[in-house]
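In structure tokens, one chain follows: the form predicted alone.
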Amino acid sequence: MRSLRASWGRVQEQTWERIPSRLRPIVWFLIAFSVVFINRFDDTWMRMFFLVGLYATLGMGLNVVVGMAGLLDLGFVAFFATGAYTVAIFGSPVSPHDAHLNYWVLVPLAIGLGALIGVLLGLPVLPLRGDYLAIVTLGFGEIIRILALNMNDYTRGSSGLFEIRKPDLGFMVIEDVRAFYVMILVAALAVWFVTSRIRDSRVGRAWEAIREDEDVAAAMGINTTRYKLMAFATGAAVGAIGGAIYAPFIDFVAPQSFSLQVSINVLAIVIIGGMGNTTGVIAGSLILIGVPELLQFQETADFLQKFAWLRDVLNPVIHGFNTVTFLNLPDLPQPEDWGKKLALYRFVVFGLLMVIVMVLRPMGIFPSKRRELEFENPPEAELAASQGVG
């Protein structure tokens, strides 16, 4: 027992040491925020925090496939849908196949089915790489959505499934948005811990070798078929976890909730956050999911009104600019309308932020050390330096 505690202590210490020192205050802030300030926000804010945690979890799952193993998967939404529909089909009273099972029995079932479908997807695409792999996985995601739309005997088609059974802890039933936020936060921390440990394990090093050069990895004795299937299965299991939590939270599962846009959002989170780094995925989720939601909040509009003086400063500048040019730029609207305009054009602001991030940090916000070195020292530069060119 003492040796087990010592081993667990070493695991905790090693995991904490993997977090860069500049990020540790952020981790402490998130923990303190979740514990102390959770009751100070209304349901709208908590819904945003839940979505950020959900997409962070999904992003860490896709990061295993794309960031660690280098397999470009555009059908990740299929695994997300698998987890959601498993919980809904066997845990909704309106489902033709309601098994009246406890939610905590359905979650392992959803994870297992997700991993199985991940393997089934991986088998036919093993020879494919790059763009071809992306196209095939994209089609697989659309196949799952169309199947859900047409299998009325199981999914009720476009009518969807609702009144999904809530997680029951015995002493309480998780129904409040704050309780679901805590639930997704625990899931995200668990996935972060597991994927961080895998990254530095033998499996993680095999994935990185496959990502860098699959032929060389195979020549070195790595069973690329086995490890690629493991990557698909691991990522799919994490996606199913997200779907299993999302279904009772939203209390409605329908095919239109699992479009290609979900896969694109998760992939963008991985790329902008930093491929191969689980901590960067969390930052990417905060930017891509949190910012568009935040821009349409009333609190954001109220905050902008504090800068009403900018209208008196900038409008004369706009008038002078219109005088010396052929342009006819409009004046800034009244401060009370800034919030409405920002909510209306929030995706323009969001797109501008994405462009700024990708220009300033092309490798991602918090990339893995290996990928950061690759951007700073590209292979062409290393080859030229070794040959004495330049």
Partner chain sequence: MSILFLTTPEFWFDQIVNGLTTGSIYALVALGYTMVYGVLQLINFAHGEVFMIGAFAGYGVLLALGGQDISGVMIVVALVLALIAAGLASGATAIAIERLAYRPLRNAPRLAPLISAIGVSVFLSHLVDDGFLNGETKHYDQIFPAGKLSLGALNVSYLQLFLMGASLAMMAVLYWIIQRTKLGRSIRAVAESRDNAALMGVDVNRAIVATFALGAIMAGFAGVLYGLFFSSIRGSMGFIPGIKAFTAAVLGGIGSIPGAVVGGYFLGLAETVGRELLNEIPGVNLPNEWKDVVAFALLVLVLIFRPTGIFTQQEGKRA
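Positions refer to the first chain, counted from 1. All values derive from a computational prediction rather than experimental measurement. Whichever C-alpha set is largest while still superposing within 1.5 Å between the two forms counts as the rigid core.
Quick note: we don't show the form predicted together with the partner chain, though the next part is all about it.
Proximity of F321 to the partner chain in the predicted complex falls outside the 4.5 Å heavy atom cutoff.
Residue contact check for D176: none of its heavy atoms lie within 4.5 Å of the partner chain in the predicted complex.
The closest non-hydrogen atom of I146 lies within 4.5 Å of the partner chain in the predicted complex.
None of the heavy atoms of L185 is located within 4.5 Å of the partner chain in the predicted complex. Checking W192, F140, F258, F249 for any heavy atom within 4.5 Å of the partner chain in the predicted complex turns up a single hit: F140.
Proximity to the partner chain in the predicted complex, taken as a non-hydrogen atom within 4.5 angstroms, holds for one residue of I289, I271, A301, V262, which is I271. None of 305 to 313, 81 to 89, 280 to 288, 146 to 154 except one has non-hydrogen atoms within 4.5 angstroms of the partner chain in the predicted complex; the exception is 146 to 154. Heavy atoms closer than or equal to 4.5 Å to the partner chain in the predicted complex belong, across 60 to 90, to the residues V66, G70, L72, L74, ordered by sequence position. Once you line up the core between the shown form and the other one, the Cα of F350 ends up 2 Å or more from where it was. The Cα position of R47 differs by less than 2 Å between the shown form and the other one after fitting on the rigid core.
In the predicted complex, the Cα positions of M48 and M354 lie at least 3 Å farther from each other than in the form displayed. In comparison with the shown form, the Cα-Cα distance of W45 and M354 increases by at least 3 angstroms in the predicted complex.
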